[in-house]
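This document opens with one chain alone, in structure tokens, the form predicted alone.
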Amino acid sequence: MARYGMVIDLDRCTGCRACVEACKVENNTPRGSFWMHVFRFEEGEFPNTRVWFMPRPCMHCDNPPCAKVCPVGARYKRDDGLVATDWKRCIGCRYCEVACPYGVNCFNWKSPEKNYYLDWQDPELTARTNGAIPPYKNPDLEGRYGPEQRHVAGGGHLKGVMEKCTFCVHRVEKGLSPACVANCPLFALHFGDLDDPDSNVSRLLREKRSFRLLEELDTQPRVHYVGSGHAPGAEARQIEHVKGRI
């Protein structure tokens, strides 16, 4: 079985946030919910300054603290490496949100019909969409995935549940890359099998210096960062300093 992971090349990222938009469109996350976040860092003093960016999806840790604290088993680790959330089993206790050191969890405060960006019943909008299915009704996001056949894809399904980046499980199981990877215009994001020596992720980890966020916590993230200019400064490693921006 594949051991999925992501490699993000910080030298290529320009902070365009196409990954953020692609994630929202693909997963139909509700208003104010962002599963992908791009941090902006400024270094130096004028005139010797530079700005660089760091995308942050869910780390899909091999030792996920969020799964350990879930009292009902809604948050769990799949055999292929994805950390998933069964939104039909989640009771909304938010223990996973407190346990995660990366700030990746989002809570659904409203039902999807009340928390989307547009009123899909608006006559003016209906005239323009010609009755197209609203995004939160995407059938791919309602399906069951993995050997366990559990509801783990997409966002905004139910009020009162926790959600986060899924690595676009509904795409991965079709042999496609996550939406953020597929839509990055500068190919800064790479996804694949870490156990396959011929995959892009394995090649990048061999060729470039890499680091992972908060490795000292032993969460064993599946997201690796490469880039000679930025690894692994204290500002990049200690993501707690910028969690307030999420």
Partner chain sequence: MRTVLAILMVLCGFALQAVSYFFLAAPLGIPSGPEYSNPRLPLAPLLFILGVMLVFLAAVVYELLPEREQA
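Quick caveat: nothing in here was measured; it's all calculated off a predicted structure. Positions refer to the first chain, counted from 1.
The form predicted together with its partner chain exists for this protein as well; it is not shown, and the discussion that follows is about that form.
| Though only this chain appears here, would Asp62 touch its partner chain in the model of the complex if you measure heavy atom gaps against 4.5 Å? | Asp62: contacts its partner chain in the model of the complex.
| query | Does its partner chain come within 4.5 Å of any heavy atom of Lys164 in the model of the complex? | reply | Because no heavy atom of Lys164 falls inside 4.5 Å of its partner chain in the model of the complex, the answer is no.
| field | Partner proximity in the model of the complex: Tyr76 to its partner chain, non-hydrogen atom cutoff 4.5 Å | value | Tyr76: contacts its partner chain in the model of the complex.
| field | Contact flag, Ala67 vs its partner chain in the model of the complex, heavy atom cut 4.5 Å | value | Output for Ala67 is yes: heavy atoms within 4.5 Å of its partner chain.
| For this chain shown on its own, do Val72, Arg89 and Glu148 all sit within 4.5 Å of its partner chain in the model of the complex, going by heavy atoms? | Yes, each of Val72, Arg89 and Glu148 comes within 4.5 Å of its partner chain in the model of the complex.
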